[in-house]
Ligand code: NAD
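The chain that follows stands alone, in the form predicted alone, written as structure tokens.
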């Protein structure tokens, strides 16, 4: 294999389309990262197709991934690379390899959050019978919140036995992604948007997502809408995906269900992904770098090709995107398949990565004969969403949850509860203790298993007295002096008169 950096097309390389050469001055410049593993091979194939189709692009390379990790950049990207991404505003990215161990952070998560790429858009379509799938009519889009939720990555080990991960969900984050899903549906003639959450359990975080969905959907009466709890929603996606059109959900759920839908459609290797921000956007395949097959010219470039077509549509080049997608469909119909798609019934020619790209290029301008062709009547601007200005709410302090690292041989919550009642002091009283969310004091059940991690809820000593920060700091000082190890506190508020914290299970 040639050196991966010397064999790449560049902005000064050969242009396949003569008319494209005439319009060289009008090219749109984008940032390109070839990535790791199979990344350089599938990127080379994809850029060749883009040039041959007359996409009118100019490429500025940015190095990310394993090479940067091993050079000492724990995030996988050098500081000066950010300038390239911000200058170009559109980024086509190959898959990257994150080295094992060493505290390396996910580069994808870092880029998405740093550049504000709030919407992850993953179309998922079946290509039966040329690609095996039980769902020939499947054609849906997962729109996933891309910046917050558990992917905020805020974790702590709080006691010897218990670790925590914070789930952060914001109203602006919910509203941006939900509005984007409806605008996407409208722009792409989609008929329905389905929200998925787990708000029957996480009533404040997922509850906020569902609440904002119910508010926003009223502004789109032309689009059908519904809601599913994520567990049954995932089951329905796997069993009856044809009943869905656009699905909008939170970050973790979106990551899971988009892989489910890609797989049941035929192959994760076919999936493309758009990461959309207010000013910068990134496009990629949804699969990984597959280092075990790197350099063998056998990888399927279709996922990155689909990601590149999403990029073209984002740039207002819908007709070029459709030209490439239809050529790819015709290639599949003609039985020209890479090894991962090869079958006895429909494969006429088994080809490598670059040969597959050659076949797509040969079919530019052709329409599929059996699969549904991609139709774009004209070019359009990127989808924009606007959210209302922030309005501060009225917060009132109601009490405090103090989390304590406490271990005794019998783990008897009554022992801890009686000690805490004595330490509550003026202005506060102990309401309950929970362990892993379940109330264990007062009147707990002896069958409840307890760890060394205790949530101790203190509220106002009487209804006529307000809780103050001085009450809380005094309590913490008494706990410290008594030898109790408090590891975290969460203030309890009402927001505009509504309780803004969860009850304990059994409270």
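Heads up, when I say rigid core I mean the largest set of C-alphas that superpose within 1.5 Å between the two forms. Because the structure is predicted, anything quoted here is derived from the model rather than measured. Residue numbers count along the first chain shown, from 1.
Heads up, the form predicted together with nicotinamide-adenine-dinucleotide isn't pictured, but that's what we're talking about next.
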Q | Contact test, all of 290, 293 and 340, partner nicotinamide-adenine-dinucleotide in the model of the complex, heavy atom 4.5 Å | A | yes
Q | Partner contact for residue 306 in the model of the complex: nicotinamide-adenine-dinucleotide, 4.5 angstroms, heavy atom | A | no
Q: Check whether residue 96 has any heavy atom within 4.5 Å of a heavy atom of nicotinamide-adenine-dinucleotide in the model of the complex, and answer yes or no.
A: yes
Q) Hey, in the model of the complex, is residue 299 touching nicotinamide-adenine-dinucleotide, heavy atoms inside 4.5 Å? A) yes
Q.
Given that nicotinamide-adenine-dinucleotide is not shown alongside this chain, does residue 284 nevertheless sit within 4.5 Å of it in the model of the complex, heavy atom to heavy atom?
A. yes
(Q) I need to confirm a contact call. Of 38, 456, 53, 440, which residue comes within 4.5 Å of nicotinamide-adenine-dinucleotide in the model of the complex, counting heavy atoms only? (A) 38
(Q) Only one of 331, 108, 310, 435 gets a heavy atom within 4.5 Å of nicotinamide-adenine-dinucleotide in the model of the complex. Which one? (A) 108
(Q) Using a 4.5 Å heavy atom cut-off, which of 240 to 248, 420 to 428, 401 to 409, 88 to 96 contacts nicotinamide-adenine-dinucleotide in the model of the complex? (A) 88 to 96
Q.
With a threshold of 2 Å on the C-alpha, tell me if residue 417 counts as moved between the shown form and the other one once the core is superposed.
A. no
Q: Kindly check if the Cα atom of residue 351 is displaced 2 angstroms or more between the shown form and the other one relative to the superposed rigid core.
A: yes
